[in-house]
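Take a look at this single chain in structure tokens; it is the form predicted on its own.
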Amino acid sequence: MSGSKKKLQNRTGTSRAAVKKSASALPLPKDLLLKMLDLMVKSRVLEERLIKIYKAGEAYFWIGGPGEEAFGVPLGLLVNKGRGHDHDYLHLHYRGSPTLVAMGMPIIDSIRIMMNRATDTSTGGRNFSNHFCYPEWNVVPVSSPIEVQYSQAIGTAWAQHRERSKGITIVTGGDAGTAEGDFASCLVWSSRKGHELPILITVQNNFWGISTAYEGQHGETSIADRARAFNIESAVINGNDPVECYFRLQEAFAYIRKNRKPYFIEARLSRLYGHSSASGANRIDEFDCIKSFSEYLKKSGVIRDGDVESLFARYESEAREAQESVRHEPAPEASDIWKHVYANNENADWRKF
């Protein structure tokens, strides 16, 4: 193993102190710990099924979030889900599947996107995998251009600020994309004195930008250091520890809801299957948050031997059945390309103006 890889694993590894906790000193209610494990496994199985679909030649491209479950699941559980400014807006990037799974997204929804089916409610089968859109949950469409969600998030946060609503805006992205101007714009516009915005700015730092390593690309010690220049409260957290993520996200949510000001979180975590199918989508030897969390729960007496394996088997069966079902669903038709371009399905075909 290379020196840089060892450093990466040391930075993202879960604290061994947490594993020593006993069942009588659980940091969170047992039911919540079990729910987080269940959703983390469900998300991992979904992503691994999507990779299998791609490698079987039933899809064109895969990009997703295996390795980010310990951060994404607590985020999804803490969101005030609903529609309108009094609920939370989410501007996710393409590794947001754990968050959507935690919010209640069915496995089959993601498989429909992956297999480009007309039944896909997010894109009508016309976009990449994990490009979700749920208007009923304030989940803004995931965009393919890197990091544009940071500038888009300014809009919903400003609307919530202007209307003095109860909701907040949440935006997620990767470490390499912080070099984009949209990210800097988000820091500027969210922190203007007297007009601070109720926004949670997060960076999931997996220490890779496609095939470029983090080291040598950043002059700052931590990406979260950038927030200090704008007087934005910030934290660097272990994104591979779901318990730590739950508490730190809970603190950030409470701060923003009370003060109506921005908060910045840098979550350091793993990227278990590379950048995307463009880099092979093969398993990489990095820290596995599900394996670590499962070991902790076993030592704490919360689960027994075989429980995790049963979860994997149950969700693998569900995902495989969903794939079989979606295989027989229709693909988009050429005439459908003009749909959903303008509000209320107004004509978008220039030939029919």
Partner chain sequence: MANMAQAIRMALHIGEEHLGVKDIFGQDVGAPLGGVFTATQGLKTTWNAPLDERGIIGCAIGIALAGDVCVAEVQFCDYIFNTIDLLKIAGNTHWVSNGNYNLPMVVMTPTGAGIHGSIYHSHSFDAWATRLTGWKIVMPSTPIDAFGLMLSAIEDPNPVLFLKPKALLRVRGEELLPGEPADERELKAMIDAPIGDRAKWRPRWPKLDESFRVPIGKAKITRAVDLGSDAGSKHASATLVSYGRTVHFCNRAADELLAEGFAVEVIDLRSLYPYDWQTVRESVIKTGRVMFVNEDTEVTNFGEHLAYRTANELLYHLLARPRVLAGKNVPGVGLHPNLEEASVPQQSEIVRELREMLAEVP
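As the structure is a prediction and not an experimental result, all values here were calculated from the model. Positions refer to the first chain, counted from 1.
Beyond what is shown, the protein has a form predicted together with the partner chain; the following relates to that form.
- Interface membership of residue 238, defined by any non-hydrogen atom within 4.5 Å of the partner chain in the predicted complex, is ruled out.
- Within 4.5 Å of some heavy atom of the partner chain in the predicted complex lies at least one heavy atom of residue 189.
- For the chain shown alone, residue 139 is a contact residue for the partner chain in the predicted complex, at least one non-hydrogen atom being within 4.5 angstroms.
- Using a 4.5 angstroms limit between non-hydrogen atoms, residue 78 is distant from the partner chain in the predicted complex.
- Listed residues 143, 217, 250, 259 were compared with the partner chain in the predicted complex; 143 is the one with a heavy atom within 4.5 Å.
- Residue in contact with the partner chain in the predicted complex (any heavy atom within 4.5 Å), chosen from 233, 86, 163, 225: 163.
- Contact check at 4.5 Å (heavy atoms) against the partner chain in the predicted complex: none of 99, 302 and 311 pass.
- Heavy atoms within 4.5 Å of the partner chain in the predicted complex are found in one stretch of 107 to 115, 278 to 286, 206 to 214, 177 to 185, which is 177 to 185.
- Heavy atoms closer than or equal to 4.5 Å to the partner chain in the predicted complex belong, across 146 to 171, to the residues 148, 151, 152, 154, 155, 156, 158, 159, 162, 163, ordered by sequence position.
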